[in-house]
Ligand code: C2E
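First, one chain by itself in structure tokens, the form predicted on its own.
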Amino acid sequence: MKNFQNRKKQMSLRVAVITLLSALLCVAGLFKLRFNTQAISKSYLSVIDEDYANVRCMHQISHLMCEHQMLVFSHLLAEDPESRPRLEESASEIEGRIREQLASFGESMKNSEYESYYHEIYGGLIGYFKNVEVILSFSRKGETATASYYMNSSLKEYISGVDDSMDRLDQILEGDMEAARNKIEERTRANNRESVAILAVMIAAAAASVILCTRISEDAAGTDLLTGMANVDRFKKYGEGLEKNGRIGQYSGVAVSIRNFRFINQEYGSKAGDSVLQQFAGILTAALSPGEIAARNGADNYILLIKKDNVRDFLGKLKNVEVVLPGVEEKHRLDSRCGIYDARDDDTVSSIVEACVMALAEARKNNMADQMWFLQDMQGKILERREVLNRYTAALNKEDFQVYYQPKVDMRSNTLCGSEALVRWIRDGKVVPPMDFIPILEEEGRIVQLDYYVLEHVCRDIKGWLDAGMKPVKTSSNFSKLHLRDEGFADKVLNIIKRYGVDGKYIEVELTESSGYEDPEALESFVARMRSEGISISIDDFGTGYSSLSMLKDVDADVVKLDRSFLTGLERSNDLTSRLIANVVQMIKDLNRSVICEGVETREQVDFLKGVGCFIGQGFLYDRPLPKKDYEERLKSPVYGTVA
């Protein structure tokens, strides 16, 4: 970032020198404009920094509140009374951290126009903690019913009040920051217009200034704003220049990603994550030799062109890297993974990037390999990826994608009670497994078309079954988190369902647990719209991500599907795993959500799940995903006999 800022200053200085030599009037005008821009920008940037800090503080309080609530839940559900003191100690420690954040937040909001919101939040939290003490006192005495009553009658009201106050203030502060950004942009545009008028006084000075200002604009357009390093566009232009000069074969492409970066973001916050990205970008840039380039390729991914003779030395510089995390005294060791490809003279920059990214993907699969060189057998995977993308649209149009249905079973009566719609690609007469094309379509952002395609076929099939006098069961249809970027997502889903005249009670929209990472507000809005139309919402893969408790708290879903990994742990005869599953199931049911477990493959798993109160299962013990014709037979004979 500093290098980028230095380049901008150097170019601005050249403009000023040329203008000064041509006309003092021009210099005076530019100085005035620059002074005004800095003063205005500094004022509005101060507003943005302060509001951003307050928003981050509220998010931290909200995160800690979720942890505190979980401990209160655990206290009520604890089977062993001796574990309760430890839970209370943990809750007290988190309460202290919340109060520290609250004090810092209050100091920042003092004498501001939004101070009243702070008092609402403060009052709500104090009331919350007082009620928690009452609830814990009943829980210690074993009066769980009374404690639960207090939790439902009063604690929920305080939590809701605090959340509402934070949401309102969050929206206001976001609006303030957006307004400040607009003011900066507006003033910048105005100054640009004035600059043109002043520079027009001297033709020679204007010509020189325009040339240099163009270079500044190109520099900015080719720069990643967070890290200050090159972006993908500049990287590609640089690589294309090497191609034209016949020098591309002298380089190796290197794709780099930071290991466990999501953990850093989740554990220390996005501000710390941004700092790590900036520091790592500086490390990569400092390791370059003349004629080499590094660019950020989104998130924590970077791509580089390194001269072949320098590759080994460069890779050595990525070992034992340390960064400083904001608010953490000790340095943090940063590990990375690399995919490397030695370019050939006939390569393009796109093929180089494709190859080194493929090698990086292989490195991710092999936890023992931090640095993976592109091997020739990986070429087949690149060709497969291209084939998927090239044939995808035609396959949709020809309906080569077929919808299969995997039954969901009420394990108490061994009776079909629902199903999940899954897609299979019939290509050249063979069934292509979903893992061979779903991740590729997800990465390319083209999965959204397939999701709507599946829902349309589900609605068409349900309508056909109803017309034939068959009784369908509720069917869940999966949707990628990419849909949440589309404001018309809910309308598109509802339009498909209404087009076929299907009652919403037969449809369930299934979203993965990770859907709430990027835009939780969009997720909550979508869920609310679906439920208002009588369409159920299911959270898939629950327990595999960082946001599990937040999803339960914030998303008003109907069904929570436990990931199959829970049962994998159960098979290791881990008593802790058994207790964890039991408590998770109970917690989900206490929140008035239905619970289902996928990956059921043995009778022992069925017995355990029924024992902890999870009565709906899905897995190979009952049925694999069935093509439409076989599934219709299951609809006609919904009882599984003595399977479990």
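The numbering used is simple: start at 1 and walk along the sequence shown. Nothing here was measured: the structure is a model prediction, and the numbers come from that model.
Not on display, but discussed next: the form predicted in complex with the ligand.
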{"item": "Heavy atom of Ala145 within 4.5 Å of the ligand in the predicted bound form", "value": "no"}
{"item": "Heavy atom of Asn54 within 4.5 Å of the ligand in the predicted bound form", "value": "no"}
{"item": "Non-hydrogen atom contact Arg424 with the ligand in the predicted bound form at 4.5 angstroms", "value": "yes"}
{"item": "Partner contact for Pro625 in the predicted bound form: the ligand, 4.5 angstroms, heavy atom", "value": "yes"}
{"item": "In the predicted bound form, the residue from Asp347, Asp300, Asp540, Asp461 that sits within 4.5 Å of the ligand by heavy atoms", "value": "Asp540"}
{"item": "Of Ser90, Ser275, Ser480, Ser257, the one that lies within 4.5 Å of the ligand in the predicted bound form (heavy atoms)", "value": "Ser480"}
{"item": "Which of 594 to 602, 577 to 585, 608 to 616, 59 to 67 lines the interface with the ligand in the predicted bound form (heavy atom within 4.5 Å)", "value": "594 to 602"}
{"item": "Heavy atom of each of Asp224, Ile283 and Lys307 within 4.5 Å of the ligand in the predicted bound form", "value": "no"}
{"item": "Residues of 423 to 445 having any heavy atom within 4.5 Å of the ligand in the predicted bound form, listed in sequence order", "value": "Val423, Arg424, Pro434, Met435, Ile438"}
